[in-house]
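What follows is a pair of forms of the same protein chain, given separately as structure tokens and numbered structure 1 and structure 2.
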Structure 1
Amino acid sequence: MTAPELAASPDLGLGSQSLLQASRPRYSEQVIKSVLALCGFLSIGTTVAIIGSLAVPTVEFFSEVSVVEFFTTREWAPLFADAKFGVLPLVTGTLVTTLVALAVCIPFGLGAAIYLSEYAQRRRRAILKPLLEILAGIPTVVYGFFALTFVTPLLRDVWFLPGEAPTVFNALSAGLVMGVMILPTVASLSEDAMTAVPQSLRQGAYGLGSNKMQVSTRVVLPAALSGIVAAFVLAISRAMGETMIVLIAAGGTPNLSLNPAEGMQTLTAFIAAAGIGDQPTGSTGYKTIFAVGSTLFAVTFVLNFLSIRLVRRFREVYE
């Protein structure tokens, strides 16, 4: 080390250019950076692999089955000898279960969010929020079990609405339980949006004589709207993509119906069921998994990006 001599005789007029050069080249720094960057880019690789693995069999599928037939005919029986490839029953199945789930998670999730952000004291919030989030950590197969062995029998016992009572497999109980599962996500994201609303806005409204309810619903809610909508959009994406609950509780029969009391199959449940059936690689049945998967991926992809954009817009306003 040259440092001590240097300190001892600082004005030596060190002419040597090597003084401030690295004693040895720092290749390892570059190598490490490249390795880390590679791991970062791996996530892009995942997306590419997803799209790639979906695209090839999907294209092959649509060379065997016309797109028009796929999206417009009304019967779905791809694995039968007399195969029918109308995806509409799966779409309505997904639609019905999703709508039921949203009917639970949007109002109740939003209500919980308003409570946590505007009403609860800090201490209470610190306890209640993690408790609620436990719900989001419960495996979906457990929810499926709960829907099938608790909610469905309960619904069948207490059914008072017009129309037939729900069947053993039905979209209603699957959707309701799915709504409970998604509730903490909606609550948590909406609450984040509402707590990001500046305190000055609230104080301004209180100054004009508003009470807490008015401030919450007329000031905070509109101000946090795009963040809250982002939470809703994400909830839709989550509900559409959920598999185990609908596979277990909504049944395995494609059913072109909007009656939630009936059993129906969703896009995701079909994919899983076809997977269980162990289709031979390259068969039309095998490719069907990918065609339906592409449909699901495309829709959730759009929803996710919408949600990300909305959150970003919201952040730009307040942060």
Structure 2
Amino acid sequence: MTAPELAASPDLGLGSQSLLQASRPRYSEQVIKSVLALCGFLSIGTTVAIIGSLAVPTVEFFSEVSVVEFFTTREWAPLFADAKFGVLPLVTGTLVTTLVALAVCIPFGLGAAIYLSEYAQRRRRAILKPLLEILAGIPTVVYGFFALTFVTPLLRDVWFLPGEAPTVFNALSAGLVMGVMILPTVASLSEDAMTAVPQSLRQGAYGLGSNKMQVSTRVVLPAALSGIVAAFVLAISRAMGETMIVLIAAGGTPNLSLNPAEGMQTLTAFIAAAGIGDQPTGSTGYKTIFAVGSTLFAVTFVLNFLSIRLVRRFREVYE
């Protein structure tokens, strides 16, 4: 008996009808699956396109400049007649501003997440979390001018540490403001991870006589560690890829120094400054932009790879 005959048969039971409907092809589901697969392939294709756009000029650049010179020498002046191609000052500036930003966003962001998840009442959480996330919507150029016109003069007025006060352009003010900018990322993602921890773990800890702080730091925090680590790594990637704040507040002078009170240039700041310059297309100075971009891309890729390994490791432990 064919499918139409089965459908028209009066003796066909309810279970047989359900089985018949389940055996029919569901074209709407196939369309949805195709659209979702297309979205996945689009993101992968975008990444491949980015790598392709960076690869060719980068290879051409390293055919003219030694890789050893690029990663070991300490002078960076690729756009001048007596060109120097040591990228270490840019890497140092990027690391210094990123570390300053992490010193702000990690403790304050994690503290805000613990408060929102474990201490704040539901109504208060519904008000505070959107207000915190407003910081993520402020344009970065506004943060940059805020760092230059408010934070830097404030640091110069209240400076009490050994050594000279921060210069007009310095990595400290840029890093501090950048830490405030990415603080909502750490707080929001960490709070989501902590909220997802089963209530049974909390109730078991309370049943054993633990107080609120012990439950928060010794039970909930370790159980949500995979999501918290992912938030930290995302914050690091966001800090390393920030452009406008460091371009405006940290200055444009390559400086191989670990003193955040001095002016520095980061990888992204150089790309932004050189990209709008007058370098002829195809020149070595022009290809330098792609070599620096590839360096930043490689560092970000390594960080994301390590974060995936860490997240999987902790997720296996606490599931």
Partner chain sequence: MTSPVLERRSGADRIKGRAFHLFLLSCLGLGLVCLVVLLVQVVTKGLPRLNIDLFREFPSSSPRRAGARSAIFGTIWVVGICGLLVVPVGVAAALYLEEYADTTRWYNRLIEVNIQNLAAVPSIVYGILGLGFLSRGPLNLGFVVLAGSLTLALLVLPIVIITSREAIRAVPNSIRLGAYALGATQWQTIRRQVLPSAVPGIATGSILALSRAIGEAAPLILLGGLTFLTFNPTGLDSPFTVLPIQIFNWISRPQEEFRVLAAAAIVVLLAILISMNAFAIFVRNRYERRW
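Not measured: the values here are computed from a predicted model. So that the term is clear: the rigid core is the largest set of C-alpha atoms that superpose within 1.5 Å between two forms. Structure 1 provides the reference sequence; residues are numbered from 1 along it.
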Form selected (criterion: the form predicted in complex with the partner chain): 1
Rigid-core frame, C-alpha of residue 307, shift of 2 angstroms or more between structures 1 and 2: yes
